[in-house]
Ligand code: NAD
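The chain below stands alone, shown as structure tokens; this is the form predicted alone.
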């Protein structure tokens, strides 16, 4: 995609969608950004506000439009749906958002048959599966942001504990983007050392309760933010825009994304997060790193939770 102008459409221009649009514009990821929302005036206002900063950003255009204006999009980011309210889990949104995502999917399959869809709407994994089912697009072209942000939170928390740059810490939160997600401690590495070796080298930093506290803090971060400011949008905008960037630049980057499994760890059809190589064609390969027996059990539990939620939609 780097050889031609890049067009990205964003469906849903609330706090999350508009912040993704702003981030993409500042980074110069796309040359043309289309904002689509049922509240067209809101979309127009967001486009105008971002566009007025254009003298300070890499050259691009951003404008509000309809689904017809999304034709030719390389990537479509979908944030449409109702927001998670204080006291709600992501899964509580399932019935409210399934019909919205279905409507979006029916429109996108008409105008963007060749686009890669990046889902942000919650509950993320189930909504990504709904999008793929309704559009009929190949699974490699329908992906969810998954636990990419959760993993970034995890790495940040570890960086605070160890006193090193989060970019030098490798580790994943896997499974559902939700309450059944888990930290894959067996895959955490710092300077080539596993978590136990790193803890020893840094002076016995990780105590038994630290593993529990850090995993819980990463899992519950969204709830804590919502309790304080009613919504989350900066972190997910950074995550989504980075994923789009990796796609349009054909980076072959690895992120923990919500992807449709095809036998990995004995699981099939369900969408959940595993480390995934992505490029200009979307999913290049789903990776299956070593997981401890306990971690693999947690992955299967996530799959059960998500399968039950998806099946509940069809009743």
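These figures come from a predicted structure and were not determined experimentally. Positions refer to the first chain, counted from 1.
A second form of this protein, the form predicted in complex with the ligand, is not displayed here; the remarks below concern that form.
Remark: residue 13 counts among the residues lining the ligand in the predicted bound form, judged by a heavy atom distance of 4.5 Å or less. Under a 4.5 angstroms non-hydrogen atom cutoff, the ligand in the predicted bound form lacks residue 106 among its neighbouring residues. Taking the partner from the other structure, the ligand in the predicted bound form has no heavy atom within 4.5 Å of any heavy atom of residue 220. Not displayed here, the ligand is kept clear of residue 73 by more than 4.5 Å at the level of heavy atoms in the predicted bound form. Residues placing heavy atoms within 4.5 Å of the ligand in the predicted bound form fall in a single listed stretch, namely 119-127, out of 201-209, 178-186, 162-170, 119-127. Annotation: in the predicted bound form, residues 132, 139 and 256 none come within 4.5 Å of the ligand through any heavy atom. Interface residue among 39, 49, 284, 262, judged by heavy atoms within 4.5 Å of the ligand in the predicted bound form: 39. 80 is the sole member of 80, 243, 174, 115 with a non-hydrogen atom lying within 4.5 angstroms of the ligand in the predicted bound form. With contact defined as any non-hydrogen atom lying within 4.5 angstroms of the ligand in the predicted bound form, the contacting residues in 131-165 are 145, 149, given in sequence order.
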